[in-house]
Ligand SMILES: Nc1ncnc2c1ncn2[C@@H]1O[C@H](COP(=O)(O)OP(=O)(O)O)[C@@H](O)[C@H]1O
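Below you'll find only one chain, the form predicted on its own, shown as structure tokens.
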């Protein structure tokens, strides 16, 4: 069966992993351009976590008719992980973000009025995945009502799709897959009630899924990622490579301290927001911009960058806590930035 589905071996070195093993993928020789255009663009700087990559690879090759459910805190890289995996194995991705009023027709398709005033049925993302052999990526799964996923239970198992509106039956393409991502764990929330408007899932739905947990990447990998994204700017009083490394290390240390405050403890009230990897990359850019603006003091430059990157959306107590943590960890590293 695998030989009929896959036609390419992708070396683990393509994922940044030193290993003689490989992952099965596609050459896409005879794939129409409008399908191959949906293969995500490869980011050569993306850092894969070995454990998560191993689970993803096994699921990818062994369980085509079972969805993969990826949970983890916001900004931990769930969506980018799926897209970067698919970029390397050559799999086109059709995605949607769940919402409170998402229903079965949003997944399967509906009629629209065409330019010539006639009615035309348009495939939904699930139908497109089934028809053309794509990965259906459903983000924020629990934002949709739990009974929606119950209503497509048979499709989560790879059954043929019956389109009631047209009477057509679409058999699942052997390359089609379903991946769902969420901030909560499915049948339980994140433990702190941090995500609003979410629906716990029925055990019958979660029973059909493989599970993968994504946390923020380890400090060493996150530092390497951050350092690779720092541009060659002019600095004084320090060599540029040394400054880049220290800047990345201090930023990542600050992010980890903020994350500890965000998740809190039994005797400390958690703050309202955290520094995800996504926010960290944004903050890095803003700090470089503000740090090179000599009209601002180092403290004011930090506050400006933090407000835009994160803290304008939280209460004053949380904002001040985040600012003090980042200020303490960064020290005077931004003072080495020279004006453009």
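Quick caveat: nothing in here was measured; it's all calculated off a predicted structure. Numbering follows the first chain given and starts at 1.
In what follows, reference is made to the form predicted in complex with the ligand, a form of this protein that is not presented.
Participant: Among 74 to 82, 170 to 178, 95 to 103, 112 to 120, mark the stretch whose residues have heavy atoms within 4.5 Å of the ligand in the predicted bound form.
Facilitator: Of the options given, it is 74 to 82.
Participant: Taking heavy atoms only, is residue 41 within 4.5 angstroms of the ligand in the predicted bound form?
Facilitator: So residue 41 does not count as contacting the ligand.
Participant: In the predicted bound form, does residue 31 come within 4.5 Å of the ligand, counting heavy atoms only?
Facilitator: Flag for residue 31 set to no.
Participant: Does the ligand get within 4.5 angstroms of any non-hydrogen atom of residue 287 in the predicted bound form?
Facilitator: The answer is no: residue 287 has no heavy atom within 4.5 Å of the ligand.
Participant: Might residue 277 be said to contact the ligand in the predicted bound form, defining contact as any heavy atom within 4.5 Å?
Facilitator: It does: once the ligand is placed as it appears in the predicted bound form, residue 277 has a heavy atom within 4.5 Å of it.
Participant: I need to confirm a contact call. Of 315, 300, 295, 45, which residue comes within 4.5 Å of the ligand in the predicted bound form, counting heavy atoms only?
Facilitator: That would be 45.
Participant: Here the chain is shown alone; which of 55, 308, 63, 281 has a heavy atom within 4.5 Å of the ligand in the predicted bound form?
Facilitator: Contact residue from the list: 281.
Participant: For this chain shown on its own, do 217, 225 and 229 all sit within 4.5 Å of the ligand in the predicted bound form, going by heavy atoms?
Facilitator: Per the other structure, all of 217, 225 and 229 touch the ligand.
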